[in-house]
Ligand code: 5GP
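Shown here is one chain on its own, the form predicted alone, set out as structure tokens.
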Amino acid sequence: MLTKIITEDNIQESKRLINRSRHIVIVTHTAPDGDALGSSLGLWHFLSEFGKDVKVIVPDDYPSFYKWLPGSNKIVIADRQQKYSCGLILDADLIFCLDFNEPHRIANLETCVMESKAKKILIDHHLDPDRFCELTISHPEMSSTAELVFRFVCRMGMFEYINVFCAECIYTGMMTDTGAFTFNSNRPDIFFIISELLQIGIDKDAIYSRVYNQYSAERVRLQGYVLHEKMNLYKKYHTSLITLSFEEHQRFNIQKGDTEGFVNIPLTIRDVLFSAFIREDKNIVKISLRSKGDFPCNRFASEVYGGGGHLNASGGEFYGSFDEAVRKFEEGLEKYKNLLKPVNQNY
């Protein structure tokens, strides 16, 4: 049995809002990842089974290795259909905001969502959510927003509406936001949920293969390059940093999602406790952070780059120069040096 973390008041109000709504929109954050897509499509399948007219809208496109997700062909990509997307949002009776804690995280959708007269429900697991929705279901202790969607449906007493397509999406969100259950996944409840999804009929091995075994040859070559040429070890701080400039980005013809997972690789090195990947893009520098043990890379992301995330997985965006982003990272290491000490010989 699952613990009932979502309050009864939130469940009853959610039921009321869903029952009275005809047109529902689900929005998630820019650069959608596996949890953003898995939770959004999982909720989309559930609400569709419930007989609702539902649309999933994302600010921009997402990696090709998520395009197999059931229902992904129905997703509206706002930067390709901005006017249509805003029209759907402004006409909605109810908006679900999934896997983000601040409105600016939905980029080109923010204005439309905030101007919409629709009631809004936030379902998220990031720290310190802004209060921009009428109903906030926020549980940072959860592995993923996809896990929260599963709990949300079950708390409403509608488990039978979770079909195999819905289950595949939920599992994908849980799997990808925990690094295939290698971090932030040490609770028995998670594996109870997985057992329920398996009984519904998912093939977890096939899902893993669809996500992680679909890379291009160019992506594999790029991985070799960044590890051999671009990985810097700061032994004093038990830290690794991989950098990739915009020029290199273009030289390797990087596609969306090609660098996903690179930040995790240095954590396989025995003495590395903290790993960072700093990538220069057009007019922005993307920051990805991962850690072992109790090192709070979400605090590091927040204080150094104004970002956020989870204890062992976080990130941010920087609007200065590429060199300045690297300099701020190195300054941050010195500030956090007392926490960058292995607690045992396994790190």
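Keep in mind the model is a prediction, meaning the values are calculated, not measured. In case it trips you up, residue 1 is the first one in the sequence shown, and so on.
This protein has a second form, the form predicted together with this ligand, left out of what is shown; the following refers to that one.
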- Message: So, residue 291 and this ligand: in the predicted bound form, are they within 4.5 Å at any heavy atom pair?
- Response: no
- Indicate whether this ligand has at least one heavy atom within 4.5 Å of a heavy atom of residue 45 in the predicted bound form. no
- Would residue 286 count as touching this ligand in the predicted bound form under a 4.5 Å heavy atom rule? yes
- Query: Does at least one non-hydrogen atom of residue 317 fall within 4.5 angstroms of this ligand in the predicted bound form?
  - Reply: yes
- Task: Within 4.5 Å of this ligand in the predicted bound form, counting heavy atoms only, one of 308-316, 37-45, 52-60, 65-73 shows up; tell me which.
- Result: 308-316
- Query: Would you say all of 230, 249 and 323 touch this ligand in the predicted bound form, counting a heavy atom within 4.5 Å as a touch?
  - Reply: no
- Message: Exactly one residue in 105, 155, 238, 119 has a non-hydrogen atom within 4.5 Å of this ligand in the predicted bound form; which is it?
- Response: 105
